[in-house]
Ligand SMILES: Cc1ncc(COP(=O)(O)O)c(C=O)c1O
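One chain comes next, on its own, written out as structure tokens in the form predicted on its own.
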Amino acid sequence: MEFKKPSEYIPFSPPCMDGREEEEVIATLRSGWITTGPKVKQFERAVAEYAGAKHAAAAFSCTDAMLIALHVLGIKEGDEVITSPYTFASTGHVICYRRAKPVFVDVDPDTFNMDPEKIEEKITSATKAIMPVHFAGHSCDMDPILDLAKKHKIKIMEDAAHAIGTEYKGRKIGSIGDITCFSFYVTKNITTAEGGMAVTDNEEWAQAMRVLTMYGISDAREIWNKRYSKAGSIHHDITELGYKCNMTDICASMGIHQLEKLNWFNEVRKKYAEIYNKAFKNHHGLQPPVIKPYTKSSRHLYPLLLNLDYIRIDRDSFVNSLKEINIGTSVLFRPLHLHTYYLGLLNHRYGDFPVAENLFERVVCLPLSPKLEESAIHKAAEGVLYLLEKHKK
């Protein structure tokens, strides 16, 4: 087939903003209060309401949100937390930061998510939590996970870095587990440049997480209207060993308007995913993403699987070939158990989680963002098909 290389590089996942974010950030800068303050509170309330939760605690990143979530859930040294190996480093790292042990469960070959049927065999007397990871915006199958948590009296803390706006059987992700954590990193469905949020129905946990984001200082989140006001106290009390991972009002100013556009963002993502699906339908060299009937996906990623028996090159060579024709991609994620740190920590080896390993060797995540023009999506699809024919066995 003929293919004309795009004149400009098609980025993988650029952020989508307009003048509303800019105006809000400028107003915050001019207000004289740019760190954690009223904008963060406003954004917390908005995210909690959107996700169907009663409370929220903003943090500098989703990693930080997960760390403080595990803290308030009481995860400590000697505990075990069951999670997926098919995830970013932060999922495993936060468990290790609490001196607990991550216990991996292999994934479902269609959804890339933890296989619920393989969880119970990993539960021991040391298991204190299950950490589902909603990969690419496709929800985990939560009902069997909830049943296991109830049966074994363990907590559920969801890594929903990819899943703001995702639904499971009509319920928003954020309204299901004990605590759910979202990411607002620059490539996510909405962004605050850097940022994360933990949502929960437990008011005590939410307040504790807010305190933890600022050293464990009891009234740190009220600095903006208490400690530095004319009537404020010059003293403060540290109630526990906290962290320094608070969100700023500058970041929250962006998030307030990003959240207003989230439903539209996700509809555009769905539209673009359908363009890809139509282009790749019934192609023997590819497997488009599978969306199960129980979920409404936020479509954070478009994880396309290559049939390596169809082509003469491996996945990395295919990705490099896409780059050469100006199409950006990602290969999220190398399974955690294959990284040097986790190999040493947990004694895992290649072959321990074969489904996750197979998916990683074949996956190519294509450009997907409402910032991109529809023509760029068509061009990316054409580029994939062109390379498949070029390298066909």
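Just so it is clear, the model here is predicted, and its values are computed rather than measured. Counting begins at 1, following the sequence as shown.
The same protein also has a form predicted in complex with this ligand, omitted here; what follows describes it.
In the predicted bound form, G195 approaches this ligand with a heavy atom inside 4.5 Å. Taking non-hydrogen atoms only, T63 approaches this ligand to within 4.5 angstroms in the predicted bound form. For V133, a non-hydrogen atom is located within 4.5 Å of this ligand in the predicted bound form, even though that partner is not displayed.
Within this chain, A161 lines the site of this ligand in the predicted bound form, having a heavy atom no more than 4.5 Å away.
Among T91, T111, Q258, T248, the residue placing a heavy atom within 4.5 Å of this ligand in the predicted bound form is T91. The single contact residue among T213, S183, S84, T200, judged by any heavy atom lying within 4.5 Å of this ligand in the predicted bound form, is S183.
In summary, the region of this chain contacting this ligand in the predicted bound form, judged by heavy atoms within 4.5 Å and restricted to 161 to 169, 287 to 295, 120 to 128, 102 to 110, corresponds to 161 to 169.
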